[in-house]
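Only one chain comes next, encoded as structure tokens, the form predicted alone.
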Amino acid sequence: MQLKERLQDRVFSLAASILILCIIMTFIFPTQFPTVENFSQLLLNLSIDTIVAVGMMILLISGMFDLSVGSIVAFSGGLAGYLMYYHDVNFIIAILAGLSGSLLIGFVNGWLIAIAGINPMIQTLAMMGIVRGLALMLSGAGIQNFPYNFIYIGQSKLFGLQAPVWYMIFIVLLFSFLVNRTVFFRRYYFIGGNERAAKLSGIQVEKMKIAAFVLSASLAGIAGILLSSRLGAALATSGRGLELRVITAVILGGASLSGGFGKIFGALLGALFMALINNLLIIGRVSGYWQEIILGLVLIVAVGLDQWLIRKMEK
């Protein structure tokens, strides 16, 4: 219970950190940061990461993670774009194909990890390379000139915010409810907390693990479709580095590498914190090289905090 309280405090402390960071950025960049245009763009950039982070949070709650989500983002948008551009496939069928391909990748990951016993890091790292290669084969240097109906999905606006932001809000609210209120999703906490005890209690751990990977890949596929629609292009480089940003975000948001803890809302806060850091670096015109370095440092700090909390629990 002590660790749970500490992890829950991380959500509140992260929210406070976000508020303080916003205040500091307002004073440093009074004409650039607190503007409607900047906040709209920040939320738009945040939306893709958050959708993927929701799936990653569920995986981390169950004690696993997926390094292939960034490649799946590129693959799903690339497959849909390839079908629409080269084969004149209806945009709805193309979207369903992209999502089905993502789901299949998640199933393969889940089956090889849960049934065949392959280490999650090794399996998803290998899949990351395989799927990125498929995305390169599909998209090449990039695919454009999509049908208007497809573009509308990612570029339409409601109350001044582009559609991906509203999809993000819906997904966060939906899975917050499912994780907090349904028996199926609550089982992931038992699996992450003590897998052996979960098996003894009758939980079908292998099937649950496969379902978690399918869900994570499907959300990454949705993010990929939205990103391609929003950009009006399918790019093989889409989602590069996304897996590290998302894992950092969910750990900052209260997940633990040991499993058993985390909240969907924490994934949103973690992604928002990472987006604010990135926004600060862009407004401050910090070199892209430094942005990668800072991302790595934030990941080290997040993992270090997680390990410190685990040691505190063991004492």
Partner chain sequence: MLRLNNISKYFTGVKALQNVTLHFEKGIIHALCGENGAGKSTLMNIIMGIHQPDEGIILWNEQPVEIRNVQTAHQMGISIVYQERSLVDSLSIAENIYPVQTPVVKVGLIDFQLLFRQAQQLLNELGLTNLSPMTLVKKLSTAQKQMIEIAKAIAKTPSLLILDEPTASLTHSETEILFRILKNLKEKGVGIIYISHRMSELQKISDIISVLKDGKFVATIDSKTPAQEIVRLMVGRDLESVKKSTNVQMEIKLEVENIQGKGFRNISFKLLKGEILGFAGLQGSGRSAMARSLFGDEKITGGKILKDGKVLHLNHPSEAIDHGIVYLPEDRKAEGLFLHLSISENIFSAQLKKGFYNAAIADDVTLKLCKLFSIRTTTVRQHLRKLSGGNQQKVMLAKWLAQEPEIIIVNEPTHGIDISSKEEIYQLLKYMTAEGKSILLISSELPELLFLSDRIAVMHEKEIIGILSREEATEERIAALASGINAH
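Note that the structure is a prediction, hence the values are computed from the model and not measured. Numbering follows the first chain given and starts at 1.
One more form of this protein, predicted together with its partner chain, exists but is not displayed; see below.
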| Does the 4.5 Å heavy atom contact test between Arg196 and its partner chain in the predicted bound form come out positive? | yes
| task | Report whether the minimum heavy atom distance between Arg187 and its partner chain in the predicted bound form is within 4.5 Å. | result | yes
| message | Taking any heavy atom pair closer than or equal to 4.5 Å as contact, tell me whether Gly117 reaches its partner chain in the predicted bound form. | response | no
| said: Can you tell me whether Arg181 touches its partner chain? I mean in the predicted bound form, with a 4.5 angstroms heavy atom cut-off. | reply: yes
| query | If we take heavy atoms and a 4.5 Å cut-off, which stretch out of 79-87, 161-169, 196-204, 108-116 is in contact with its partner chain in the predicted bound form? | reply | 196-204
| task | Output the sequence-ordered list of residues from 246-278 with at least one heavy atom within 4.5 Å of its partner chain in the predicted bound form. | result | Gly260, Phe261
